[in-house]
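Only one chain is given next, in C-alpha cells, and it is the form predicted on its own.
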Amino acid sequence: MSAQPTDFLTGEELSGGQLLELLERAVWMKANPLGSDVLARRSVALIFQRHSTRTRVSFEAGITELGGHPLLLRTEDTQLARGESIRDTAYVLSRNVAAIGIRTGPDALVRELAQHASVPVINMLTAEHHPCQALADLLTLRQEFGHLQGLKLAYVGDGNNVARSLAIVGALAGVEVAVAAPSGYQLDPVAGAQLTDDPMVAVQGANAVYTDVWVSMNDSPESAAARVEALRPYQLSDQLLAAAAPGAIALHCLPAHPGEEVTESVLYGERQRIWDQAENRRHAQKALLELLCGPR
C-alpha cells in the first residue's frame, strides 16, 4: 500500500490507486457537499502571489464546506513583502494551520516551503505545474465517460504548466495525453505524453480536446503578439473538435478569450464541459484536502 502523501506539488506524490480513490471521493463529495468535516475548527493558509478567480473561490468555498477556515494571505499582507524568508514563513504557518496552499511563480519556492513546513503544502499554481487543475480535469472526464482508463485527451496550444500537469496526472490515471504545439512552445518530454506540431494528428481518437490561454499575465506586449501569431493554427474550433472521436468534449481551464485560443461557438456550445470543469476544482480539491489532512 502506498504511503499517504504529505504534500501535493506536482501530482507525482500520488500513486495511480490513490489518484483514482481521490477522484471517486470527489464524485461522492460533489453529491454530498457537506458530507465531510475533516477541517472542523481548523484553518488552511492560502498564499496568493498570482491573481486568481477559480483557485481562490474553489479553495475558499471548499475549505468552508469541510468545516474549516480559509486564511487568505496576499504577499503584501505578510512579512514576505519585507524579505522574511520562506523557511521562517513555513515555520510560523505550520504552528497555526492544518495545511498551506500557495499560488506563485517559481517552483523552487514551493519546494522550499514544503521542505520546511510540518503541515501539508499544496501547489495551487506555479510556472511549471498546475496539479489541482489536472485533478479537476480528470474528475470531469470521469463524470462524462464513467471511467478514465483508456481515454485519450488532446491538448492544443501552448505547452505550459497545465499541459505538463495533464501529462503527469493523466499517466497515473491511464489517460493517454497528446500535446500539439508549435516549435518553441512545445512541452518538454514528460510522463509519456505524445508530442506533435499538428493539432489534427493530436485530436485523432481523442475523447476530449483541451486548450488554455495563449497569453499569460506575465507576457510583454511584444511577446504576446508573437505568441498569438504562432499559436493561431492551434485554435480549438468546431472543425478541430469534429476531427476528434465521436462524442468528444471540449475543455478549457479558463480564463478564456473567445476568438483566440477557442471559438465562441465551442466555449458556449453543447459539446463543452468547461463550466463543469471549473466547478469540479472545488470537489477535487476537497478530496485532496481530506487525503492530506485526514487521520494518518
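Note that residue numbering follows the sequence shown and begins at 1. Owing to the predicted nature of the structure, the values given are computational and were not obtained by experimental measurement.
The same protein also has a form predicted together with a small molecule, omitted here; what follows describes it.
- Between the small molecule and the residues Cys253, Leu241, Leu66, Ala26, the one pair within 4.5 Å by heavy atoms in the predicted bound form involves Cys253.
- Residue Arg54 is the only one of Arg271, Arg54, Arg227, Arg42 with a heavy atom lying within 4.5 Å of the small molecule in the predicted bound form.
- Only one listed stretch (182-190, 68-76, 83-91, 130-138) carries heavy atoms within 4.5 Å of the small molecule in the predicted bound form, and that stretch is 130-138.
- In the predicted bound form, the small molecule lies farther than 4.5 Å from every heavy atom of Arg164.
- The shortest heavy atom separation between Arg282 and the small molecule in the predicted bound form exceeds 4.5 Å.
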